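Presented below, as C-alpha cells, is a lone chain in the form predicted alone.
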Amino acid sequence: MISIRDVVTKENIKRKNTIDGVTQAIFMASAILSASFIVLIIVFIAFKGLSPFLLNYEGYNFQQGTVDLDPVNPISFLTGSQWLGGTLGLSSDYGIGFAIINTLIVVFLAIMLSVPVSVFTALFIAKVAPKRLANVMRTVVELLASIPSIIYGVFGLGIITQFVVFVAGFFDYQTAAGLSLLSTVIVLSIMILPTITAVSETSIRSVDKTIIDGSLALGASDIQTYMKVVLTAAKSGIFAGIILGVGRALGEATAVALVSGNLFAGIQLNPLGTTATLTSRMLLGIKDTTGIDYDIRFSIGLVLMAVIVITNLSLNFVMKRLGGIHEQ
C-alpha cells in the first residue's frame, strides 16, 4: 500500500528532476550562445581577412580610370617593411612586417616597465600596508582597471607626450609633438598595471601562512620572507597576471593610436621616434565599408590573433620551464 508520504516524495523528486532538467537546458543554451558568438566572430574576420589575398578589387587611377588591383601577396604582407597601401586606389601592395616587430617591442618594454611596479604594489597591499590603507589601495587599483582606454589615450596625448617632449628637449632631440615609442610604452604600462597588480595581489594573499611563519621562525626578516618566500610561492599567479597584461597590451588600439604617431615604415628602436602597432594600423585610416583598404584591416586582425595565440603559448611554455610550474 502506497502512503501519502510516498506520493508526496515521488512528486517532489519528479519536480526537482524537472527543475534540474530545465536548469541544465538553460546552462547548455547559454554555453552554446556564447560559443556561437566566438565562432561567428572568427568566421567573419577570417572571411573578410582572407579576401584581399584571394580576390581582385577595383581601384581608381587618375590616368586609367577604374583598374583591377591584384590580390595581396601574403608573403609580402607579412614581411613588408612599409605600409604602401591602396588608400588612393592605386596599389594593393600592403606590408605589416614592421608593425608586427614594433608591436612586440612595445609590449615587451611595457611589461618590463610595469611588472616590477605591479608586483611590489601587490605585495605592499597584501602583506605590508595596514588594513585600511590596503583597502584604499585595492579600490584605487580596481578604479584604474575600470577606466576606459580612450581616457588613457587622452591622458597620454595631453600629459605623457609633453613629458616626452621635455625629455627630448633635454637631449636636444626633435620629436613629433611627443608622439613616440616612449609615450606608447608608458601609456600601455599604466593600462596593464592594475591587471597584473590585481591578479598578483590575490595570489600573494593566498600563500599559506604556515610557509611565512616557517620562514620567520628560521630567522628571516619580514622583507626577506616577502621577497624570497612569498613571491616564490605566488609565482604562478604572478605569471598569470603577466599573461593577462600581455593580452591587454597586444589588443589595445585606441590609446596606442593616439600616442604612437602611426609610423608607416620601418622598425622603431628609437624611444623618441614614432612607432606603429598592429592595432593602431588597423584603427587609423579605416574609413570605408567596402574595398581592399577596408578588408585589409581584417587581415591585420587575423595576424593579430595569431600573434596573441603564439605569444600566450610561448609565455605558458616559459612559465612551465623556467618557473617550475606544472599543470595539476
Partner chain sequence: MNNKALRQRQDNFVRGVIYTLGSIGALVLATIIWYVVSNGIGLVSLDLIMGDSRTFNTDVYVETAPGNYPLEGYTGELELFYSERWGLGFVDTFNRAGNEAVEIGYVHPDSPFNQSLDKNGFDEFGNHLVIEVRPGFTIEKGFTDTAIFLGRNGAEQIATIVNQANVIDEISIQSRGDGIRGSLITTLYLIGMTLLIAIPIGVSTAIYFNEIAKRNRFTNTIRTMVDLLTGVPSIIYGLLGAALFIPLLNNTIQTAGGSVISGALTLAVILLPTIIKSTEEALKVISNDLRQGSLALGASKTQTIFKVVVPSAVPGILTGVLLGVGRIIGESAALIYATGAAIKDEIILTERSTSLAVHIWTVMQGEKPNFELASAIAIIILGVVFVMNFVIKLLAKRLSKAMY
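Everything numeric in this text was worked out from a predicted model, so none of it was measured. Residue numbers count along the first chain shown, from 1. By rigid core we mean the largest C-alpha set that fits within 1.5 Å across both forms.
Only in words, not in the display: the form predicted in complex with the partner chain, which the text now covers.
- Ala198 falls outside the set of residues with a heavy atom inside 4.5 Å of the partner chain in the predicted bound form.
- Among heavy atoms of Ile100, none comes within 4.5 Å of the partner chain in the predicted bound form.
- The partner chain in the predicted bound form comes within 4.5 Å of a heavy atom belonging to Gln224.
- In the predicted bound form, the partner chain sits within 4.5 Å of a heavy atom belonging to Tyr294.
- Among Leu104, Ile243, Ala220, Ile212, the residue placing a heavy atom within 4.5 Å of the partner chain in the predicted bound form is Ala220.
- Note on the partner interface in the predicted bound form: the residue among Ile238, Leu109, Val230, Ala257 having a heavy atom within 4.5 angstroms of the partner chain is Ala257.
- Relative to the superposed core, Met28 shifts its CA atom by 2 Å or more between the shown form and the other one.
- Core-superposed comparison between the shown form and the other one: CA of Val309 displaced by less than 2 Å.
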